[in-house]
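Below, in structure tokens: the form predicted alone, a single chain.
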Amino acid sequence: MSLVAYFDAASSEPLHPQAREALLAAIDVGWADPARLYGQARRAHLLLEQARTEVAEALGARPDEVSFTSSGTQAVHLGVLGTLHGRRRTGRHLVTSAVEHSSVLHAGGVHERDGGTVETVGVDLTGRVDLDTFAAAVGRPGTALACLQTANHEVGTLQPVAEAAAACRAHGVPLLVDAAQTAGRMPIPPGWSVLTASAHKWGGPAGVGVLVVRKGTRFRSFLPEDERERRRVPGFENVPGIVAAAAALRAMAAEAAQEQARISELVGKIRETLPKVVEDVEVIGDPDDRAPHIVTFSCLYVDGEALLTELDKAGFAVSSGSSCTASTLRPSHVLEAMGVLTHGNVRVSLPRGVSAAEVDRFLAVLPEMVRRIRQDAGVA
């Protein structure tokens, strides 16, 4: 058993062995510019388009709808602002949930500073968006785009994407879906118009994001025009990284039915055991309708950073607070929107291959850590 247990797969899944193999092979043969006409370039172009086809198939899209970006964050920025730019004549109103990833919220801030409007729809105690309020918001005149994640990146709660998509379709509003936490792990719900994802979340290399724009969705990049990636994403494609990303997505999807079910059982064990062994703990998010790999909990009278430090010393890599702002002292915007406890927050997200023994060891050492931190803080 390894003495170091990596429990932060929601931030970055370890590189899948098939991705590593594909990356090393593609570095040797896919280094040339795929936009050129000589032999090495044609080889790189073939690798790029084969990867595009594989990613499209895994995400339920057409290859010509898929573009590759430098990250999931860039995919979101391009997807949100590009769709809003393409639909300026329809209106300038954007609808999002209160628990979207910071990349969505930051893109919304840019849209507001440019004169647009943003409506943020609240969530319940589990982190699920209020569907009736969301549907009413997208029905307002001038709504150009709505955004909703498949699963929350901090608490794992699944969102009603198919139902939200139906409401958007009824009002002629495209829906952008951030599938970062479920791509490769769960089927993508139907009905979306724009989809974003990030390769390092499914075991691919960092530096590869995916932007998918359905045929018929008005989209116009707000950046200077570039000939590459369907004129949606400027710059030289990272062909070896893209090839490795496609290999990882294909492998993760093939393993998903068995491996994600096993991981979900381990997450369920953590959710069930924690309240029995730690006093004043709140396990957050929907216990059943959730992503398979994420569980978040908060401990009253405990500093989250202190708990992370102790867990790190014991050989556990976890995250705390907001998954996007772990270096700041500001509480997570997700937990605030849910109205749940933010003290001593820990997010555990289990990677492929995690063992039951690692989870058992985590549950064995955590209670004493919490007790010591509370004692040091003067809390009996």
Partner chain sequence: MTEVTQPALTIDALGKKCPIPIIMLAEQINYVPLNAVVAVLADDPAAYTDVPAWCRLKSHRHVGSYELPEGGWAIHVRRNY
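Residue numbers count along the first chain shown, from 1. Given the structure is predicted, the values throughout are model-derived calculations rather than measurements.
Just so it is clear, the following notes concern the form predicted together with the partner chain, a form of the same protein that is not shown.
By the criterion of a heavy atom within 4.5 Å, residue 222 is excluded from the residues contacting the partner chain in the predicted bound form. Proximity of residue 280 to the partner chain in the predicted bound form falls within the 4.5 Å heavy atom cutoff. Taking non-hydrogen atoms only, residue 331 approaches the partner chain to within 4.5 angstroms in the predicted bound form. Although the partner is absent from this view, residue 343 contacts the partner chain in the predicted bound form, with a non-hydrogen atom inside 4.5 angstroms. Proximity to the partner chain in the predicted bound form, defined as a heavy atom within 4.5 Å, singles out one entry of 119, 303, 310, 229, which is 303. Between the partner chain and the residues 206, 162, 125, 170, the one pair within 4.5 Å by heavy atoms in the predicted bound form involves 125. From the list 347-355, 43-51, 331-339, 59-67, the contact stretch for the partner chain in the predicted bound form under a 4.5 Å heavy atom rule is 331-339. Applying a 4.5 Å heavy atom cutoff to the partner chain in the predicted bound form picks out 377, 378, 379 from 347-379, in order along the sequence.
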